[in-house]
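This document starts with one chain, in the form predicted on its own, laid out as structure tokens.
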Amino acid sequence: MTRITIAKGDGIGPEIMDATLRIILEAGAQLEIDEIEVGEKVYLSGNASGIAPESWDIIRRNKIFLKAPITTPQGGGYKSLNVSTRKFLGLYANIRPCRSYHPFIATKHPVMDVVIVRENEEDLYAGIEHQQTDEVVQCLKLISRPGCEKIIRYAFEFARQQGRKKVTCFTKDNIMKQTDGLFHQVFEEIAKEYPDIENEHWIVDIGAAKLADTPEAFDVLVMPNLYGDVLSDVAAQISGSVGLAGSANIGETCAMFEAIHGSAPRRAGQNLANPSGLLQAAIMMLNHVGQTQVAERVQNAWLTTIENGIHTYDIYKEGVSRKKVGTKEFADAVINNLGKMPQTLKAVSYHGKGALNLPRYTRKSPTPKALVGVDLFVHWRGTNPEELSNLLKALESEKAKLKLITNRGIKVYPDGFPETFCTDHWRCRFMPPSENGFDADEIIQLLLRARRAKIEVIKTENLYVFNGKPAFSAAQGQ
């Protein structure tokens, strides 16, 4: 018996949760259930996080959380509960199977069977944003070695357990050489530990085009958070329907399972919604807690129902579907098919495919690093980089010389082009004239001189080398 936490959510959430629980319990799931309330009602009661502290305690105690979609009220100040849950509970891996069910569900890709393994905690989804100047805002993209190692190892272990043949990495490291470059580097390192599994890397834009055109070329895909968020929805849609897809969010101690679609408030209370996405999430949950025989029984019954043409409105198609049914009737059909096997669609077997037990991340020894300069980010409303350079040269010392100025990453001094459009946000790099002689005290002195010169420095970034290798980006055009 496994004790789990559920939340019925908002919109169609209560209907699809009731249908899902009815199916899995009828199939023999051994569950004790604690229900909590999250979402719109909690938000509107004045709780900006959408969840009460005592509900966190229940989730953390039970470790397993099955959640229906929620509605986040419009307007500022409300935090995404999905993002908060993933981060607070350390749910670093988001697993989204995307499989086509041809010929019963319309798709242009009848043999698609892809699993996207998405990093779930960092990247741009750290949500660290600032307005820097009148014209420029920033969002920090944070990629860590622990985050890379955990998600990439999970992808390879998942592929090995599931009998899959290839893991593909998507990044944009031709542009983001430090952040995406680290993800790609760690992928290459870990891939060497799995010689039985083919590996490859694609730049994300052409990889996304290939995924949309020829998804059968891929097997398991692993990628940073933002790309994974976008492409998992693309993959689910081209497989047939976002409404059929569930996802697992896996951490070292806790796990959350959910449908990937929203709460669809316009369809609420009408017995219309398709519970398949949440049911697929529940099947993943049952596998995770070791109830693989029940998971297998439910999945094959669901496949049989799809194959029999018993479809809800969202996937119903004249000439293919046999009967249009509501939420409750669809659940009844799946229950009636328990113990049956699909005849056209491939039946599933989950024997030996429960939770993955990965080793905890072990922090590496520190890498030798040296401070070699600083970038001062300046709010300046002028437009002529030469004029700005003259102001900045007044800040120079024997240890700190102005090396370059960029605007939105493009070098505008020295030897900039007059055609380059500039905003009021300038990166001004100071470095010593030789390899030695720069320290943190020099940064403080630079800031003091800038203050006296009435130059507004809005932030600084220290420039380091690690093991003798520069660990900061060059300017475009440098």
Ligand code: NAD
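What you see is a predicted model, and the numbers here were worked out from it, not measured in a lab. Don't overthink the numbering: it's just position in the shown sequence, from 1. Heads up, when I say rigid core I mean the largest set of C-alphas that superpose within 1.5 Å between the two forms.
Although not depicted, the form predicted in complex with the ligand is the subject of the following passage.
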None of 151, 286, 298, 273 but one has a heavy atom within 4.5 Å of the ligand in the predicted complex; the exception is 273
Just one of 354, 326, 181, 262 has a heavy atom within 4.5 angstroms of the ligand in the predicted complex, so which one? 262
Per contact check vs the ligand in the predicted complex (non-hydrogen atom within 4.5 angstroms), the hit among 298 to 306, 357 to 365, 108 to 116, 254 to 262 is 254 to 262
Any chance residue 429 has a heavy atom within 4.5 Å of the ligand in the predicted complex? no
Using a 4.5 angstroms cut-off on non-hydrogen atoms, would residue 66 count as touching the ligand in the predicted complex? no
Since only the chain is shown here, I'm wondering whether residue 144 would be in contact with the ligand in the predicted complex (any heavy atom pair within 4.5 Å). no
Mark residue 51 yes when one of its heavy atoms lies within 4.5 Å of a heavy atom of the ligand in the predicted complex, and no otherwise. no
In sequence order, which positions of 301 to 331 have a non-hydrogen atom within 4.5 Å of the ligand in the predicted complex? 313, 314
Superposing on the rigid core, is the Cα displacement of residue 313 between the shown form and the other one 2 Å or more? yes
Rigid core fit then residue 226 CA moved by 2 Å or more between the shown form and the other one: no
For residue 172, state whether the C-alpha moves by 2 Å or more between the shown form and the other one after rigid core superposition. no
